[in-house]
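To begin, one chain is listed below as structure tokens, in the form predicted on its own.
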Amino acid sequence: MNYMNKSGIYIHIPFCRRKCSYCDFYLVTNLSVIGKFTSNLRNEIALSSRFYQDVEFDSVFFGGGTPSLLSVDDLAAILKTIKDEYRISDSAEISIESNPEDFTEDNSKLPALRDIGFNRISLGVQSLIDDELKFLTREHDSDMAVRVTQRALKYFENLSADVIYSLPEQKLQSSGRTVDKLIELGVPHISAYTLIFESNTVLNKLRRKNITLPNNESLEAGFYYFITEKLLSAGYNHYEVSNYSLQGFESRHNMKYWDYADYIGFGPSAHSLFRGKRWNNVRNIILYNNLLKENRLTYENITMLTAAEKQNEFILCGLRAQGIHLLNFSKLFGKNFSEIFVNQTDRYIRNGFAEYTSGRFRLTEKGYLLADEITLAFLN
């Protein structure tokens, strides 16, 4: 699968009811400014469109934060602005991240999201074990998550569920129960992430006080293999280090990142990579709103990537997912990947960490676990 020829749009909706203990994404909990933000976001989308008149986009991803906190009317207005101002493919994947609790009081919201144009939904399930959800400071319980997942599948064939594993004192069997239930429910895409103690989080403060400690690498590896084996046995394709899908349900938008395709981001803290240039929006909603009120764009850290930086990023992204696309590498950098990295590729293939397949050099299941370490051997 290769979406190199078309670009993606990412929309960062920075609102949450509260911040989970492990979360390091940019977000705000003052929901009273949603209206002002929505207006300014639509202005940013419109102001930026003049730079992309010759570009076709085939993925739009609303992430956060919790985009499903916004009203259907606000989401519809943002989508309309995107479709009015940009060339969006008729078959575009249009995704929204959400939490189960956002669909418990209003049964009409899920079908309404589908009706305004979303065709993929990602649910922040994280676990189907109540004690684990409490540890993660989530607002839903397991019963709610199951009910909402079942209902969402009635309106969205393309549904993803996020899972977090390797919690302190977690047993393999409990992580397996969550994955088994999602498979049983028929969820076609599962993103499974190891719990990370990010620096600016409540969880990391507990670590520094020795109250809550991360698992060792051996135990994390055990969880990884256990969950991966369950999903592979159930027919899921392990197409990126943390992502598994049934055939045809890979996340097109996320593959933009791993295939090193162009994407542009809107909203505070959103990142962009377009035609060799990388930048981000300001990570401050007050500054973001004030700049756009004056019809000024909110870019910062604008960088034209060097050839070496592009090559490093291409390799870094590719090895995390479906591998280094050999033809695209040659087209982009004018080099033969297999020749310039013959020593590295031979070593990792010989040790069972990598393979050549379908025009790519990619990591095996054994290699995925050491993806970060292996990648370093290919970077300048």
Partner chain sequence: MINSKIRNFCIIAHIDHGKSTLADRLLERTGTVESRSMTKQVLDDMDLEQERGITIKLHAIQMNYASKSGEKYILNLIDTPGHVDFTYEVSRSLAACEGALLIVDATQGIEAQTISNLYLAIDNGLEIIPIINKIDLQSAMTEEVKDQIVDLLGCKREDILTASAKEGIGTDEILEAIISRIKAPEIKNEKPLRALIFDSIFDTYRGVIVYLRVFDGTLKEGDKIEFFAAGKHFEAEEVGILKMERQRTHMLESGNVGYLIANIKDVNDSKVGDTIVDTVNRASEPIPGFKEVKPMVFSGIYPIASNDFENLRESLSKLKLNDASLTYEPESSVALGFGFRCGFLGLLHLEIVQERLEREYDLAIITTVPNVEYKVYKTNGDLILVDNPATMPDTTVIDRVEEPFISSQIITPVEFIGNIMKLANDRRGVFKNQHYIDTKRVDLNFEFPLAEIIFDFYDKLKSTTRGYASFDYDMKDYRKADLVKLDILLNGEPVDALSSIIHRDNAFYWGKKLCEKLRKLIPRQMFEVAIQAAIGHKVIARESISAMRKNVIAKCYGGDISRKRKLLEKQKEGKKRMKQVGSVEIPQEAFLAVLSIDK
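Positions refer to the first chain, counted from 1. All figures in this text were calculated on a predicted structure; none of them were measured in a lab.
The same protein also exists as the form predicted in complex with the partner chain; that form is not shown, yet it is the one meant from here on.
Query raised in the report: Does any heavy atom of residue 278 come within 4.5 Å of a heavy atom of the partner chain in the model of the complex?
Result: Residue 278: yes, in contact with the partner chain in the model of the complex.
Query raised in the report: Quick one: is residue 26 in contact with the partner chain in the model of the complex, heavy atoms, 4.5 Å cut-off?
Result: Heavy-atom contact with the partner chain at 4.5 Å: absent for residue 26.
Query raised in the report: Quick one: does residue 242 come within 4.5 Å of the partner chain in the model of the complex, counting heavy atoms only?
Result: Yes, residue 242 sits close enough to the partner chain in the model of the complex that at least one of its heavy atoms falls within 4.5 Å.
Query raised in the report: residue 309: heavy atom within 4.5 Å of the partner chain in the model of the complex?
Result: Taking the distances in the model of the complex, the answer for residue 309 is yes, it comes within 4.5 Å of the partner chain.
Query raised in the report: Can you pick the one in 305, 172, 232, 213 that has a heavy atom within 4.5 Å of the partner chain in the model of the complex?
Result: Comparing distances to the partner chain in the model of the complex, the residue within 4.5 Å is 305.
Requested in this report: Would you kindly say which of 258, 236, 103, 288 lies with a heavy atom within 4.5 Å of the partner chain in the model of the complex?
Outcome: Here the answer is residue option 258.
Query raised in the report: Would 17, 31 and 37 all count as contacting the partner chain in the model of the complex, using a 4.5 Å heavy atom cut-off?
Result: Result no, not one residue of the spot touches the partner chain.
Requested in this report: Sort through 70-78, 108-116, 221-229, 84-92 and report the only stretch with a non-hydrogen atom within 4.5 Å of the partner chain in the model of the complex.
Outcome: Correct option: 221-229.
**Report entry** in the model of the complex, residues of 287-325 near the partner chain [heavy atom within 4.5 Å]
**Finding:** Going through 287-325 in order - heavy atoms within 4.5 Å of the partner chain in the model of the complex - the hits are 305, 309, 312, 313, 316, 317, 320.
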